[in-house]
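Next up: just one chain, as structure tokens, the form predicted alone.
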């Protein structure tokens, strides 16, 4: 191990908790270790049992510490779930004929944030999509330019106040200090998308256990994000109900023999019923249940892309990542239903340790490491951690997308 700063990312998902540690060096980030545990106490990205969630986080962190010489203390935590919503806004600020400064940009962003937000929601990110100087559109960095009127179009991402507070409580009770909370689609994008894809137009689909996150990039910035309340667990539940199997056995069959594509395989597999009895099931029975649910998911994604005007702008197609993307044939089905090129998104640009982190399941965890390594703000002792984290999130996102 060298002498670079250590960054720890904590991906708190519906099916798994993943803690990853990395060392930041001159040539990038070196992954030092990883620990995972079964996720308990969460449903669709929201904490429903604090004690169970705390125990799962502790378990993942302990396994991280056992796999490396890192003592976990401060972490970057990912947040996702059905409570995440986004919408567009617009702000303006007078410049009065002088060169535009970062203070002018901040005033325009503050004006864009001055919109009604329900009391039970909190603004997480204010992401600039483009700047306009005296009517000239398409400007990505207006600093130093001359003009009299600065305008900005932004994407505002909001989340449930209670969901964020409960997530922070879980981390704190597990003995961790939260440096920042990061929107998981942003983290996954850092780990899986190329700069060219972000410039030309690409849809990132992060398929988790409880939900599927959608993020659309164009001209290098996040232009749209949303959540669909269908994930890998829904496929497992369909198998369990349709074949009358325990959930654990349905999950095993899905991972081992399941396919998203229709098939006519004359093959049978052995399954264990809740009573312990072993039965023989045709593989086609699995596919007949899995395929319709996966088609439904991608039809919903396609409808949303069309309704929001994104579909025609995604010149580079879609990148699917997350644990759900490991289902056999899911990329080919996605390509057929979406009608666009689809590739599997794996973490890249990191030096991996002996474990296999070059896996779509760890895209968010690796993305959190990349986020932490690029963050310019050092850890701070907070008196009001909740309020300060949101301030830091807004400052980081505004700065990162101006680069």
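Positions refer to the first chain, counted from 1. Please read all numbers here as calculations on a predicted model, not as lab measurements.
Another form exists, predicted together with a small molecule; not displayed. Remarks below refer to it.
Comparing 276-284, 110-118, 303-311, 319-327 against the small molecule in the predicted bound form, the single stretch with non-hydrogen atoms within 4.5 angstroms of it is 319-327. Looking at residue 255, you'd find a heavy atom of it within 4.5 angstroms of the small molecule in the predicted bound form. In the predicted bound form, at least one heavy atom of residue 209 sits within 4.5 Å of the small molecule. Mapping the unseen interface onto this chain, residue 223 falls outside it, with no heavy atom inside 4.5 Å of the small molecule in the predicted bound form. In the predicted bound form, residue 295 stays away from the small molecule, with no heavy atom inside 4.5 Å.
Note on contacts: among 331, 200, 251, 238, the single residue with a heavy atom within 4.5 Å of the small molecule in the predicted bound form is 251.
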